[in-house]
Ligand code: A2P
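This document opens with one chain alone, in structure tokens, the form predicted on its own.
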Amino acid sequence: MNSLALQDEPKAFPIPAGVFAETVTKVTHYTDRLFAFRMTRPAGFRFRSGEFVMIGLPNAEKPVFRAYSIASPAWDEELEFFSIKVPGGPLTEHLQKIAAGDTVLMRKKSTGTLVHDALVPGKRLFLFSTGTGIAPFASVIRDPETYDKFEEVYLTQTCREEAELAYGKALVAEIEADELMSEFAAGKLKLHSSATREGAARGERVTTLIETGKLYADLGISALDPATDRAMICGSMAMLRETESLLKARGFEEGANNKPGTYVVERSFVD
């Protein structure tokens, strides 16, 4: 082998302590801004549906790690993630280029507040998301426990463009087509999608839909009520603040793992 060929080979970096090195099994690009990937699940790794982990790439002496919600449910044999593509981003600039067979690093601890344990019992569960904030809810709606705990589950996603809603729509279609999951979710799971930059019939932000009552009219349901309803929120910082304000004004109280409430927000990261 000549010296030029040796120079072209990628440099191998050591795997940091306390980190799993897993193999990418599938990558799906939805738009020029959004993609999803699946990778092997470490033996013995456990998490609660809705939690997040820190992931990175073995491309530096000190890899950059960022918080990513696990989009797959706790029972899945693989781990799935849904990501935005950020030009020049210290991690996503490289992560968006991964392919099947590549290695992704993951710290060994999972955590998060978008879990059932942080909510008191209720009848209806509302999952409010923008963009890649749908990722933890992709895990929650594929967990049979969700349908054991709630009689109705409403997943909302607001994006800028219609094409960015494809991941959420595919998730719900997948559940409806799955022989086992469809038994749990039948008649319980409803999706409400809205694209704000296009002339869609549901072109408003979810906060506007709540304020005007159009969300309830679209879904054919009664208004939010803390006596029966529970909510999880994940998305942009502006959306988190606005949605949380709307819930508090209606009597909802924030919950946490050590003190369950009627709604929860993931504050560790935003899309």
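On a predicted model such as this, the values are computed, not experimentally measured, just so you know. One rule holds for the numbers: they count along the sequence shown, beginning at 1.
The next section is about a form of this same protein that is not shown, the form predicted together with this ligand.
The candidate spot formed by T130, R205 and E242 lies fully in contact with this ligand in the predicted complex, as each residue has a heavy atom within 4.5 Å of it. Under a 4.5 angstroms non-hydrogen atom cutoff, this ligand in the predicted complex lacks K97 among its neighbouring residues. Although the partner is absent from this view, A238 contacts this ligand in the predicted complex, with a non-hydrogen atom inside 4.5 angstroms. Looking at S139, you'd find every heavy atom of it more than 4.5 angstroms from this ligand in the predicted complex.
Put simply, T196 is close to this ligand in the predicted complex: some heavy atom of it is within 4.5 Å. The partner is not drawn, yet in the predicted complex one stretch among 156-164, 173-181, 142-150, 113-121 has residues with heavy atoms inside 4.5 Å of this ligand: 156-164.
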